[in-house]
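What follows is a single chain, given as structure tokens, in the form predicted alone.
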């Protein structure tokens, strides 16, 4: 008898009719003589509503109470799913994370799961029950409810699969898998049947909304294969795995793009040990995420120009912090906004020469200017004007035969 973990996202349980449909999916797996564990997110919109209420109460709402508040959304959806399954004749009950317990470590709102109590859960599964477990949350060592970041229900499902040694972990969402690029942006995007953890991790961190990066990281570290499927249509999904069996020889797996990036260049910074740390230390303290970084040393070796990218909403704050920074001196500060990052991703580029040239040549053929370049073993990213993103994705999709 197989053990299967099924996770349902907020859109999948976004209404009573959708919850009824989800229960039919759960029943399908149960009727195949599987042990079925279900993890549910809150109904779509509920968490945002609770967050907005906390803001109306206080501009500095207590983080522990924030977690206690927003965790109620999953409790409601789990109770509704269990209630419907009972109505349909199945043995089922809802489990709040502390009842297992799901133990976490780290600060409120961004905790990480460290262990899952499975003794009572296994007893219930062996009696034929279908446990419906709240995603996105756990309990700290001082018995306070914690949450593990938005979209954290994926991480709950993955860690449950690890501790109960499940044979399958299936993430049900509003899309029927991972695509070569955003199908809303490019109609010729196609579904990826199998993708490596590292590729999915890059795509998730570069703008793909299908999976949360930390959840992919958890899956990779714990060697949990994940299937991503749609709860709305009966179609085969995407397998996220580390196994190299039956993979195609596709060089590039996917193309990601971001929106609302900005570029800052600090010209004529005195080149000395620790200067980069001096620049980025106040940004880090103010929770400004720095992405692409390029440094150019002057010919005399005494000065450097430092270019880096951030999100556009952080531009004014970043400029203020640099101007206030007394530990650095420079000649000029310049910036550009309305920029986007376009990336090609694929483990195949490790062993295939000429990928960089092909990417740059394809963009040049459409007269798309590259502002900044960054690379890793399985990724090449370029910063371009946001107005050229659709054109860039289309030409790269065609160049690497993803259409």
Ligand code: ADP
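Positions refer to the first chain, counted from 1. Each form is matched to the other, and the largest set of C-alpha atoms that superpose within 1.5 Å is called the rigid core. Small disclaimer: the values here were computed from a predicted structure and weren't measured.
Keep in mind that the form predicted together with the named molecule is missing from the display, and what follows is about it.
Residue contact check for residue 174: one or more of its heavy atoms lie within 4.5 Å of the named molecule in the predicted bound form. Though the partner is left out of this view, residue 179 does reach within 4.5 Å of the named molecule in the predicted bound form, counting heavy atoms only. Within 4.5 Å of any heavy atom of the named molecule in the predicted bound form lies no heavy atom of residue 285. The closest heavy atom approach of residue 209 to the named molecule in the predicted bound form falls within 4.5 Å.
Segments offered: 304-312, 271-279, 119-127, 179-187. Contacting the named molecule in the predicted bound form at heavy atom distances within 4.5 Å is 179-187. This chain is displayed alone, yet in the predicted bound form one of 78, 102, 203, 159 has a heavy atom within 4.5 Å of the named molecule; that residue is 203. Residues 7, 9, 10, 11 are the members of 4-27 with a non-hydrogen atom no more than 4.5 angstroms from the named molecule in the predicted bound form. For residue 259, the Cα coordinates differ by 2 angstroms or more between the shown form and the other one after the core has been superposed.
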